[in-house]
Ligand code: NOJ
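To begin, one chain is listed below as structure tokens, in the form predicted on its own.
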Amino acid sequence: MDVEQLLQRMTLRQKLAQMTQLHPYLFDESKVDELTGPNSDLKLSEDDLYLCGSLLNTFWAETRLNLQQKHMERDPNAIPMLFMQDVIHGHRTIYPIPLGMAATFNPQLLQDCAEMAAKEAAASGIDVCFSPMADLCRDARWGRIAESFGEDPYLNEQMTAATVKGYQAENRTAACVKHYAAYGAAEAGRDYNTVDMSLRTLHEYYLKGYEAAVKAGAKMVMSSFNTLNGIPAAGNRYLMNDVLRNKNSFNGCVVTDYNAVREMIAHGFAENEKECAYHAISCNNDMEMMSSTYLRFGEELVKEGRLSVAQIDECVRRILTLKQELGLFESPNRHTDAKLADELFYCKEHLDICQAAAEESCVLLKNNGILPLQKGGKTIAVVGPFAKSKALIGTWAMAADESQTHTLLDGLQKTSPADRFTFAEGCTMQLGEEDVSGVPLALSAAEQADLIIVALGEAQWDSGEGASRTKLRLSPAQKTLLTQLKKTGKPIVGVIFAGRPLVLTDVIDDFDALLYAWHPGTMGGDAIARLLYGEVCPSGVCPVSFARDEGQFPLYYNHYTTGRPCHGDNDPNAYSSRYKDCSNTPLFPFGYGLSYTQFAVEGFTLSSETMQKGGSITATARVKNVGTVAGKAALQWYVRDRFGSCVRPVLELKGFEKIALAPGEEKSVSFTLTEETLAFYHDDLSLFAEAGDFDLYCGLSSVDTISLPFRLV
């Protein structure tokens, strides 16, 4: 198929229809009445529907086959539709939320998970996965932190790139990186809110994840809802044209977020829908999602000379090229196979990889020696609203079958059948819930047990899109349950499920051990049980800083120092940058995570104390398992630039490696520093490294490091 010849045959309206993405409900007369809000006033004819270029939120192979057939029968140019879906952390078989996957510090594991998801998605008729989300997030009040890879730009780069590679392996699906750009910096952590930052901060921190995804070959980018420095992202020419298209050389498709084009009116940026279409097309948004301004006003804008046919052609060319690259012209339903999809859903291979991901994502935050548990001979009370719940899969698992979820109680009984487990819910997981009528039953179970495992946290629907929160603590009922359990004097092992780092300051002392499980997916229960019993050694580390108080947000380890830095909690200087009622430091720092074994970092050396411009130096360290069980260590490399023409962060993650070690085993690990490693954006947005003094840090968290100085000359 020749894209240029096809473009020449198409009418302007047919081209604008290719630039329109709709919801499949619009094709179902029985469900049209269910559409409300932005869905109800698209003002499209039936002919318009069957000319549209793509659909979103089609879950199943049968849906795709039916809609594609009807479309191909009516499209005059026989151009197949694209089918897109929010495949965020699995399609049907679900692995941990992205923030949990970031805690693995294992990009290859994430790549394998994404490839697994792509197999299920492709067989279900999905061409494009709306993922990865590359939005850097430093504020846990924002609900969509659950979809992010945390607070660090380097970790974000590695994980977004891995996700793209997994989705696009063997051309099964295309990855759509979102939300371009800086959506994760919404003021006050409130979803859809304003983003305002310097261009230097934008480039130095917030754009790097998207750029890594583009460099990894992502075929699509989604422009975001938010304004950036006063201009909606979808209408931001600097962001969309100057940076994405020109600086980053992105030649793939851009799709707007849901109804984002028309939301320019609500932003106060565009007066009407015609102006919305003008701004969006001028910014090279090739497709508008669930709005119809292109179709309704595109021809008029071309007639007036405000848009050119050449501009429209460029957008459509990218759309047709994507369809060609995916093989849709040769086979409009390409990988779609309902029988294969059913075989893949919850197959052993996919369950195994989801379990491995869940095991590696959990972070052991506290352990006074009670873990790992010994099997057999104990009565264990398993209490709390998450103990027997199947609602563990997390946000944006749209096609998941929750009934397939392995619960914590099921996992415990399977892992240690010789122990006796009693169950009591105690309270619900509802946000703000104060009903404690179930606590007495939980206490009764606890009184008869040798040990308590209490499963608490945040409901999966209380994080994600539209789920911003100002209070990030356990609900009152859960707090009461924990307080009463503590009074029994029995050992308490806590497991917390959440889509974000909750504030644990007021409860951390109540636990003898605490495992942070995020929302772990389909195999969460089995994975956690294996971790608690020591069949697997915990190896997850914090991809975000855990705050002591919500008032610390935004909170992140790679901050700048100030002219009046606070030198610890006991600093007597009242006129330093500090709080009067809270420490500056997090409760648990970035990169932190306990294990059942101990690791030592030794023999840290540099090949030279001086790096020449254009050259490199190599750091080497030995990591040794000095404990008694096998485990994995997340070795982290940080740099500090002591002085610069722009103030530099106190630390910057520049590399990491997950290392598996048997007891007594040690491995030598190397890390190469180049001039590019040390480069940063300056106030004129030039990117280069400055000569001067640096420190390289090596360790097992952002606060557990050893360092060596070097100089760039």
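Numbering starts at 1 and runs along the sequence shown. The model shown is predicted, which means the values in this text are computed figures rather than measured ones.
The form predicted together with this ligand is left out here; the points below concern that form.
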Query raised in the report: Heavy atoms within 4.5 Å of this ligand in the model of the complex: which of the stretches 172-180, 633-641, 582-590, 340-348 has them?
Result: 172-180
Report task. Could you tell me which one of D506, E402, E465, D196 places a heavy atom within 4.5 Å of this ligand in the model of the complex? Result -> E465
Requested in this report: Let me know the one among D86, E359, E211, D512 whose heavy atoms come within 4.5 Å of this ligand in the model of the complex, would you?
Outcome: D86
Requested in this report: Please run the contact check for Y154 against this ligand in the model of the complex: heavy atoms, 4.5 angstroms, yes or no?
Outcome: no
Query - Heavy atom of E273 within 4.5 Å of this ligand in the model of the complex - result: no
Query - Y516: touches this ligand in the model of the complex, heavy atom cutoff 4.5 angstroms - result: no
Query raised in the report: According to a 4.5 angstroms non-hydrogen atom cut-off, is L26 in contact with this ligand in the model of the complex?
Result: no
Query raised in the report: Can you name the residues of 356-388 that have a non-hydrogen atom within 4.5 angstroms of this ligand in the model of the complex?
Result: none
